[in-house]
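The same protein chain appears twice below, in two forms, each given on its own as structure tokens and labelled structure 1 and structure 2.
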Structure 1
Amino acid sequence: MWLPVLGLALGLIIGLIVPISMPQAYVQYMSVAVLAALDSVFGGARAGLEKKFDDVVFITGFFSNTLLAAGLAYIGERLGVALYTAAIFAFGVRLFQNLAIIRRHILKK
């Protein structure tokens, strides 16, 4: 469970320290990629609490979710269809589900 939390903390620290500004054209991709990454982190925390955490599954899920979300945003932009909303909806639902399960695990202890 410590690996997703460590990764999230490290990413937040790097994001706050490094002064990188995102061009407006990439904001859509970045927002979906951040949602996908957060989904992986919450999923990893959930798996850790359920004693099912696997480093390889977490790392591959993190990158595949992020790339899929960015790819959906790119294809949607090229087609003129807001495909990124599908990723936002899917990751948003999973985030809230994982958060609810994490909360229940913590409250049971």
Structure 2
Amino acid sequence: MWLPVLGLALGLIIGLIVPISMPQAYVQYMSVAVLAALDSVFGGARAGLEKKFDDVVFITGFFSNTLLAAGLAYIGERLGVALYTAAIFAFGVRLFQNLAIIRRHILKK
């Protein structure tokens, strides 16, 4: 359990310390990507509680979801359609569902 927590803490520290600044034009893509990443992580946590966790599915899902979300936002911007709202909506709904399921699992224990 400590290893993932360490990873998250390390990531936060690296992100805060290393002066990588993103061009403002990409902030929107990044925000959707972050949402997708959060969704994947919560999905993984849920799968872990349901004892269905598969590391390959998890890691591929994380990266493909993140890239797809950012790509979708990018394409949407080119097309003039606010496609990123679709991504926000889908990931937002799933985030809440996953959270609800995780909460029930924890309450049952």
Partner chain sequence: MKRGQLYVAIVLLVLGMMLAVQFRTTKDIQQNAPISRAQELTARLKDVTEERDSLLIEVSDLRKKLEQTGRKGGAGKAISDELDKARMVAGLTPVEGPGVEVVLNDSPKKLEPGEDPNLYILHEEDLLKVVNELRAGGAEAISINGQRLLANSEIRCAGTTILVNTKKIVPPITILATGDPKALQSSLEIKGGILETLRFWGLQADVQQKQKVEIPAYDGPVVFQYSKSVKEGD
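Fair warning: this is a prediction, and the values are worked out from it, not measured in the lab. Definition used throughout: the rigid core is the maximal C-alpha set that superposes within 1.5 Å between two forms. Numbers given to residues start at 1 and step along the sequence of structure 1.
Mind telling me which structure is the form predicted alone?
Looking at both, the form predicted alone is number 1.
After core superposition, I'd like to know whether G92 moves between the two structures (criterion: C-alpha shift of 2 angstroms or more).
No, because once the rigid core is superposed, the C-alpha of G92 moves less than 2 Å between the two structures.
Would you say I102 moves its Cα by 2 Å or more between the two structures, aligning on the core?
No, because once the rigid core is superposed, the C-alpha of I102 moves less than 2 Å between the two structures.
Could you tell me how many Å the Cα atom of G7 shifts between the two structures when the rigid core is held superposed?
Here G7 registers a C-alpha shift of 4.7 Å.
With both forms put on the same core, how far apart in Å are the CA positions of L16 between the two structures?
Once the two forms are fitted on their core, the shift reads 3.3 Å.
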